[in-house]
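One chain follows as structure tokens, the form predicted alone.
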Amino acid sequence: MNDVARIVKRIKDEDGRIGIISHFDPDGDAIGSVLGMYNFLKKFKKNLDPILKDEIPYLFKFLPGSDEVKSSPAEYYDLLLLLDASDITRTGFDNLKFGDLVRIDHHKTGTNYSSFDYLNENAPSTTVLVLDILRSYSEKDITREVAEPLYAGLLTDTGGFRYSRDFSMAFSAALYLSGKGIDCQEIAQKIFLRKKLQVFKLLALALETLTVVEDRIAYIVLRKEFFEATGTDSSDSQSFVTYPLSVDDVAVGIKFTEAGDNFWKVSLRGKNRVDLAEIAEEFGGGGHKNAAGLRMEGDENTVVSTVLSRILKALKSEK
């Protein structure tokens, strides 16, 4: 019995409470994985809780099932499905109690929890791995409500199919999902072409901080005062890291987001020059070679200089 078959059997055999959870600050892949799995399993009258600690960003609230997601877990789950998260701590909850845990993920770094874990770092998104499981479970029950979130996760985690470890896997999954009654053009428009005016004002402030270091790294800084001035929050800036990465000849783009007093979220994006997942892991974060993140305490200057120093060291050693 392969990994997918074991997971399918474990879910089918579970008559108790099932939690479906992903990481804090959820992106499209986290949201799509949770909603795709949830919308599918509720067809089978399972006792389910879809859980995300932080609110689903505005751009993804059109996805079916988004209004049913809970912000806190139950006291206990007989089975917990951890999707698109390298570690249980990434959920943001420190009081999770469960029987079996199944981790389904495509991050290079992370923790193995059980013989049911389904991990593939070459997968273009976790939603593609969820799709593998659902196809094995019951293909006829992969309806539009299931396919739409899965496609949204795939679309966003590949940057609109601009990058992937395995493009054949990405396009194969997209082709399959496009045949399930979804409108690919409409989904893309709702995600990429539906920004509030305040978001552009936030972007303008962020771009004023754009800095290039030794022609190899570019970064922007999002301070709390920017969010307060524009009536936005950090979820409105998820895609902003692409701007420093887009600077010509730059190898790494970084977004520093002030998330609290002396507390920063750092998003790293690269052009296949250094392994950003390994660097992020050194600071307690993780991710992929070209897309990773971490959190760090300290004032702005300390955090920025610490991260820049480490990445510059990596870039110089890869010559």
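Remember, it's a predicted structure, so these values are computed and weren't measured experimentally. Don't overthink the numbering: it's just position in the shown sequence, from 1.
Only in words, not in the display: the form predicted in complex with a small molecule, which the text now covers.
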With the small molecule left out here, work out from 47-55, 64-72, 261-269, 31-39 which stretch has heavy atoms within 4.5 Å of it in the model of the complex. 261-269
Is R103 close to the small molecule in the model of the complex, meaning a heavy atom pair under 4.5 Å apart or at it? no
Taking any heavy atom pair closer than or equal to 4.5 Å as contact, tell me whether A292 reaches the small molecule in the model of the complex. yes
R273: heavy atom within 4.5 Å of the small molecule in the model of the complex? no
